[in-house]
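Following this are structure 1 and structure 2, which are two forms of one protein chain, each written alone as structure tokens.
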Structure 1
């Protein structure tokens, strides 16, 4: 870094992995936040805000055996040498908050939180180091009813955000059924830890490789089209049969899935606990008419299984969209969550049951835009041109009159000629420009220029002469009819 001198001029740039956002993108997100928050509030959830900083030990982000924070979080030392880190999610701060205020809180405690989180990771395209999460959690309520509620609320929130029923599905599995399946397959021992991980990884590839590919990965291994070889988990055929049967137990009806699942994992106590939870969830979902087209028990869900302690869920889009070249676009999941009964335990020493869900709003907006082909470009304010700078107070008064009538409006400020001011109005995507030069003022008139119609006409009319003569997109009205005339143009 250059030594700073008096003439030092910093470069205007942002740190890697951070971004600016402007205008309609923010407005669209605000609207979506509001819709999701409304659903959460209706379910009895209240908003919580926690600080950006937490003590690093409270986040559990110290490296083992050293007093320095690990990678992945932004950390610094406070005046008193204590390490603080910026929160990397909203769940760890919730655990700290609950532990700190445990006795005062109503239990179960339902809260939602909209907040920025920071990840000190390698940035990439569309992969930022700062983003917003929208979380809802129930702390202090055990499975299965709280989990069913979160799944139904998740589905409601996705629909409220604008995803039509049928275009998404909330998929549910349970950590304990997977553990039970691994037990039945003889993979419960400490010596089988690597194999268990390998099985989860293979299961996660069902969508991409199909059943045959997963079976190869469970067995000796798999050579892909490029000739690359992936080592297998080396399960016996019998063991692989259990894994494959487990995944194949996913049916179109949740009750049928539970019945098939009970046959596979019922011999394991852990598996039995898991299947019982899913059965009770399925009953609740059925009682409230959330069938498998909205919330489906799907045993191929692997995501987050290592973090969660019970039910896990994620919401995915069920439609496919192609990019310009006809290739399917992958949106990834809309969000997900699950049960984490031991997070507050880190502080309290006692287990506090908790279950929650997190939605990625920017991904949701991107997917909806692609799906509907809708663009977010909104019209800007009405712009009152300031052709005679000395008359600016009068131009500002026109803008104020429009605003008083509920119309976004601004007066141009600064010295610029007519052409530049019209270009400015175009750049602002103004629907209407108001013009009052010397002539109009003498006559007590203003000219209303319909820029939307103007755009259409200039696309249609190729004859420049015809355009100039007609100017159908602009007309003069008496000064005191300004607001009325603009209203009429905007209503077109």
Structure 2
């Protein structure tokens, strides 16, 4: 007798660097998206959607892993043998869209976009191969006024998302001022390209290593606490002095920073052009009450300088948070952006000025939850319990009345007992449970169970007798007052 072959059953698993998301986590993110998009729309930006796939050659050299050009993306070959890649950001598709529709678009062109992006990189803690970006860009407007407006909108969006003023700062620098500083330091030629890259990498470590550590990296090198040695850039003392003075030029006011910067890079025409841009930005920001406490010119900012052509900026949290063991938690930047005047040029052959910003919503939500100690996850629906099967139409009618009043609600249809239905409501993070058994029905009433208040009180009341006798989180109302009572509970 032939042996029966076993049917193949694939193992339920997901690829590394990708994650499943469900329910309230997505709803909380959507609420955050809506808050940010509302700010973008108020500034006159329109939404845009682009395909997940772009032709690989359209993505260009601006890949996430700059040491592996042409890699870092997920690619496949179409049936016509053309290579396509999943987009790694929302900016490269924007450049393609603008070039393809250039004559029909209003200039400046303002667009915002919320979309998933994919990066074929090694995953790690907090580092995913798929995530969502929230971008806004102005194409067709030169510096400095478009850049100042993006910075103001960036600050407004962060505040609208729930970060109080004073708990963040948008930091601004300029690619041209950095180039001017490098020229003054004698690092302008092609033979100094490696040193320039080393200087930028050292500057980017200022927050972590401090001035002394950066100074060592600019010189012979640095040995860390573990004994590992990092080779330095081998600048002379005079060259290192210029770099350190540049980073130390950040003052309490933007005007003072610009004045100090002008003294440092004044011998470079490129540097002076960058200073002038920052001065005009500072004047605009000050006139609209965005002082250095909200948008600060900070010359320690080094952000993808091979990508950007002018002002660059990022927003950082200014508050400190510790984990359960008292160790500081580093959230990194909320997001950032800058000016990239060369990106559309790849398609058009002429320079098209552009500036934009991208906000990291996942990091924003995580930081706010840690800061406040409260969850930002949205509550689930009001759940109408179904204690008697023959009353199911009535329970569904209650849920329909709540929905008609704009309240998210559902009637339980699982056929479980009371205890399991309450557990279901808890798992759904329901704010309220509606109960109507025989006793309530005979009186023409329903019982409102405030699950949020009950959760709070359960942590405070330790006496079982007190809990049974005093039920402030549960009360009865006439059946025709159901919607009004639920609204009152949700309002608090």
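Take the two forms, find the largest set of C-alpha atoms that superpose within 1.5 Å, and that set is the rigid core. Positions refer to the first chain, counted from 1. What you are looking at is a predicted structure, and each value in this text was computed from that prediction instead of being measured.
Shown as structure 2 is the form predicted on its own, with the alternative form given as structure 1. After superposition on the rigid core, the Cα of residue 450 moves by 2 Å or more between structure 1 and structure 2. Core-superposed comparison between structure 1 and structure 2: CA of residue 116 displaced by less than 2 Å. Relative to the superposed core, residue 21 undergoes a Cα shift smaller than 2 Å between structure 1 and structure 2. On the core-superposed pair, the CA position of residue 439 changes by 8.9 Å between structure 1 and structure 2. Here the two forms are laid over each other by their core, and the C-alpha of residue 486 is off by 6.6 Å between structure 1 and structure 2. Lined up on the core, residue 427 has its CA atom moved by 3.4 Å between structure 1 and structure 2.
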